[in-house]
Every structure is written in C-alpha cells, then in structure tokens.
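The chain below stands alone, shown as structure tokens; this is the form predicted alone.
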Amino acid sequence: MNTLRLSSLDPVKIPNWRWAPFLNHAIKSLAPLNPEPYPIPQEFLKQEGNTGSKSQPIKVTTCTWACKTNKLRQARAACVEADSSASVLNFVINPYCTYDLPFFGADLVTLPSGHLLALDLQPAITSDEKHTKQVWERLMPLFEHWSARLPKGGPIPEEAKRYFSPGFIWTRLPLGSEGNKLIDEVITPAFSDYLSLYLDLVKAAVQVPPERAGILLEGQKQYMNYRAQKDPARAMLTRFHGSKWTEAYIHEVLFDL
C-alpha cells in the first residue's frame, strides 16, 4: 500500500524507528538555512509493504525527507524500518556545483547481524588541495577523537576509496547494550560534530567561477553514478518493494544528478 504525502519536508513518522533522533537533529540543524521542499515524486515519499513469510509478515516502511537551500541542491534522507529485518537512515547532502564543497554522508544501518555505521565529508574531486585541504584540516581532529573509541569496520573496495575522505568513520557494532552504548556516547556526538562542521563550511562558502563549477559538477556526477551503481541497499529495497520501484528510487531520488 502506498500512502501519499504532500511535501518532502513533512516530518518522517515511523513507529519504533531506531534512527529518528539523528534525522530530527539534522532537520533542526538545517532550519537556519531556510530550507524549501525538494521535488520528490509522490510514490517515493512513503512506501509501505511486507517482508518475511506469509505466516509471519513483517511490515516495511520506507520514507523520504528532502530539502534544498540557496547553496544545497539536495539534502535528503532515505528512512527504512522493517522491525527485526532492518532499520536504516541514509542521509546525504549535495551542494550546488557553484560552491567548492564536499558531500555530507551518513549511513546508519541496523541489520540482524549488527550495526553498520559510516560518517564522512566526501570529496567531489580528489587529489585537489583547493577542494579538500581546508576541509581535512578541520575534519581530522574530529575523526581522531571519535574513531579512537570505535572498532574498525573492515576494508572497503579499492575502487571506492577515492570517494571517501581521510576522516571517514566506518565501524561495525554488535546489537545489544554494548553497541547501543557506543551509538549513544560516540556515534551520536560524532554525527553532530561532522554535521556542524559541514554546515559551517556551507555558511562560509562563496560562489566559484564557471570553469571551477564545471570541474566540480563532473566530480559530483562521477560520485553519483558510482553510488547509484554500487548502492548496497539495492538488494534490501528490491526485497521490500520490488525491482522496478527500487531502480527508479535509486536513480530518480537518491542519486538523481
């Protein structure tokens, strides 16, 4: 069943959703930038379905929240709740290419095997100090402070490394009290610190010349294409909502540049 919503700025209301406090914090943090609704097709604002067996179905809810500002082309959250099967927040901020800014990215995922958590300010173009130096100088102290308290998440594919910064937080935490404690004491404040730094960069950003904007746009497109092709949520969303809806969601909403 598909429940239509009027605006991409409507509050996301999903009962028992693990990651609601993170999205609520992000929405509150973006408020001073005077956000406007970002155009999201109605069929992607809220999608409901079932997974599991016929005898024991599990309700699935997938919602999208999105906005835009004068410097941010799209700030959007993909929110999934499927009881014991999955609880997900994928939150990405895409700046306009006319500003020399990285992406903000947070993946907060709970599966039956544990929590998979990623946080970063991701470069639109790599090997370019003009684009990255001022960011990494401010990001690395935050990374060193918070990552020291977290277990490593494991290796990432070689082809993906260019899309992450030196301050990429990537960890796997167990379910239960141990994992919950680290989420409360480390992931929550780390998310706040990374987002606060990013929004400081946005406020200070000035427009770049057209030639520079073209370079940034090409980098953003490469990043978006990679994310769309390699989206790790594809299999899960396909299981929940079918292939046709999932492919349209990935290409027309999540990575739509």
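Everything numeric here is computed off the predicted structure, so don't read it as measured data. Residue positions are given as counts along the sequence shown, with the first one as 1.
One more form of this protein, predicted together with a small molecule, exists but is not displayed; see below.
Looking at the small molecule in the predicted complex, residues R172, A233 and F255 each place a heavy atom within 4.5 Å of it. Between the small molecule and the residues V88, V135, I183, A75, the one pair within 4.5 Å by heavy atoms in the predicted complex involves V88.
With the partner omitted here, the residue from G105, P123, G167, P95 that has a non-hydrogen atom within 4.5 angstroms of the small molecule in the predicted complex is G105. The small molecule is not shown here, and in the predicted complex it never comes within 4.5 Å of any heavy atom of M140. The small molecule is not shown here, but in the predicted complex it comes within 4.5 Å of a heavy atom of L237. Contact annotation: L101 falls outside 4.5 Å of the small molecule in the predicted complex, judged by heavy atom distances. With a 4.5 Å cutoff on heavy atoms, L150 does not count as touching the small molecule in the predicted complex; it lies far away. None of 115-123, 174-182, 140-148, 67-75 except one has non-hydrogen atoms within 4.5 angstroms of the small molecule in the predicted complex; the exception is 115-123.
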